[in-house]
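Quick heads-up: it's one chain on its own, the form predicted alone, in structure tokens.
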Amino acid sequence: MKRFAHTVIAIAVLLNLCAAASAELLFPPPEFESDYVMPTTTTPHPHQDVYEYVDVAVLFIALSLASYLVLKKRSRRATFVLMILSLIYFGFWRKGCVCPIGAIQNVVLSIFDSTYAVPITVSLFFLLPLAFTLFFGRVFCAAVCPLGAIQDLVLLHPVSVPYWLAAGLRALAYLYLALAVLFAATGSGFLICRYDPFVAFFRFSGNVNILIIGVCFLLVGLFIGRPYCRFFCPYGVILRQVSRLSKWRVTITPDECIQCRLCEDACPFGAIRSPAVEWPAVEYAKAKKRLAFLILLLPVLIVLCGWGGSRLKNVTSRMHSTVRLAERIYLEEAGEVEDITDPSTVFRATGETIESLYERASIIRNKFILGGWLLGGFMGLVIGVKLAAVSVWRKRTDYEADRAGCIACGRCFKYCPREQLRLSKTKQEVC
């Protein structure tokens, strides 16, 4: 009951802290008057496409190695080395792009915009980690993702996060994913790429505000294991659900669990589930009634959150440049502002009527009404399922790695006495 109450409090606090997305950055248009000379058309260098396919090949090899090192070799040291190499290549060498996390938006845009075709390399970057997760668990997070690697390197003094708090904070990742899908589907921009907290480190340049956000994540990461991965990463949300279906997964011990609890102390991500006996009859009856109530409450949450999301259309639609331009033109026409911005100057030079601009903006805003319903309904579903999950009892006889939460880092291996016994026997056989 206490865990249920804590989860409700965490989600309530989370919803109060969520802020609207920032407005899209605008860039001044070029000057087309006087001695302006149109640039000559150029063709991208053929090596650029080759490098992208090389990246896909490296990704496949890295995922294959991570699967072998984690599940077959069971080596934390080798996994750590592969993680460093992935950080160097995908992070600093390839500047964090293309990445599976940002590829979510490309895939969504290709679904909702018939004029956009997602590049094959981007599709492969999106699908390969999902395919490996389906078979081998979250090996991409373990040793291939550069965003996870840079956080893993700074983890010095891990502090455990209570289960109820971590469950509430993870709702942020679902919200981030929903917003990214909404803005990509409406053509408003790529939210994930714009606010990638670590791309400034990989490129040694970038927006100062984003750099500050990245520094904050790393500072928190000194004590909280991979805070971005666990509580914000939209791709991590997808991997969590896919990993529940994984054919093979990380097992803490190679044979029997002696319940020494050393693995629980070794995991900085709260991914070890302790043994649990069956509930007493009284507690079971209460949990059963609470679960029935939450199931009945689920559609109500979906409708209420969907309605709330649709009411945010005036806020979320401002992410679209056309809506922002229409609002600016309205203010200028009404005399509420004195200065003229570059985008409004360019618009007036196109010859398009203001009524036509308003009509286009209205159509886009209506899309955000439907999108808001879907976004809010999705978040209502997430909250309802999280609350219901507290009332679902899972009996466990041993300490186990959580299928969804385990990132397959292998830290727990060397802490397990049975693993140490296996390694000593292996060395004796080799000798």
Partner chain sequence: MVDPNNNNSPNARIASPWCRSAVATALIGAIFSIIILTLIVANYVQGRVHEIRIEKRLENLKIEIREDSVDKQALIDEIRLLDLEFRQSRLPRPSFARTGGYLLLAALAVFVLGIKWADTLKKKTQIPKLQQDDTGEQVRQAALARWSVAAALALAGLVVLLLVIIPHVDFSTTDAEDASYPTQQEIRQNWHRFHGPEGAGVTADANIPDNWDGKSGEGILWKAKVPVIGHNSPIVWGDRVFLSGGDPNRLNVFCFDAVSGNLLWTGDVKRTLPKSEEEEFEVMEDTGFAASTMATDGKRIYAIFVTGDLACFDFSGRNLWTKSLGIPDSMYGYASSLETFRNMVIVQYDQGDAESGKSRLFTFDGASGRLVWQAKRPVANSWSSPIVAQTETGIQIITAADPNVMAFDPNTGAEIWRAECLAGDIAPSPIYAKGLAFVVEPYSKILAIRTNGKGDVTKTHIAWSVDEPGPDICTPVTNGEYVFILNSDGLALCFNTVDGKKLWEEDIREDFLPSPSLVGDKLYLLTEKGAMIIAEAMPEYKELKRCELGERCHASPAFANGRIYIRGVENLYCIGKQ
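Everything numeric here is computed off the predicted structure, so don't read it as measured data. Positions refer to the first chain, counted from 1.
The protein also exists as the form predicted in complex with its partner chain; that form is not presented, and the subsequent description refers to it.
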Of the residues 65, 56, 390, 401, which one places a heavy atom within 4.5 Å of its partner chain in the predicted bound form?
-> 390
Non-hydrogen atom contact residue 296 with its partner chain in the predicted bound form at 4.5 angstroms | no
According to a 4.5 angstroms non-hydrogen atom cut-off, is residue 275 in contact with its partner chain in the predicted bound form?
-> yes
In the predicted bound form, does residue 308 have a heavy atom within 4.5 Å of its partner chain?
-> yes
Would you please decide whether residue 231 lies within 4.5 angstroms of its partner chain in the predicted bound form, comparing each non-hydrogen atom pair?
-> no
Of 321-339, which residues get within 4.5 Å of its partner chain in the predicted bound form if you count heavy atoms?
-> 323, 326, 327, 330, 331
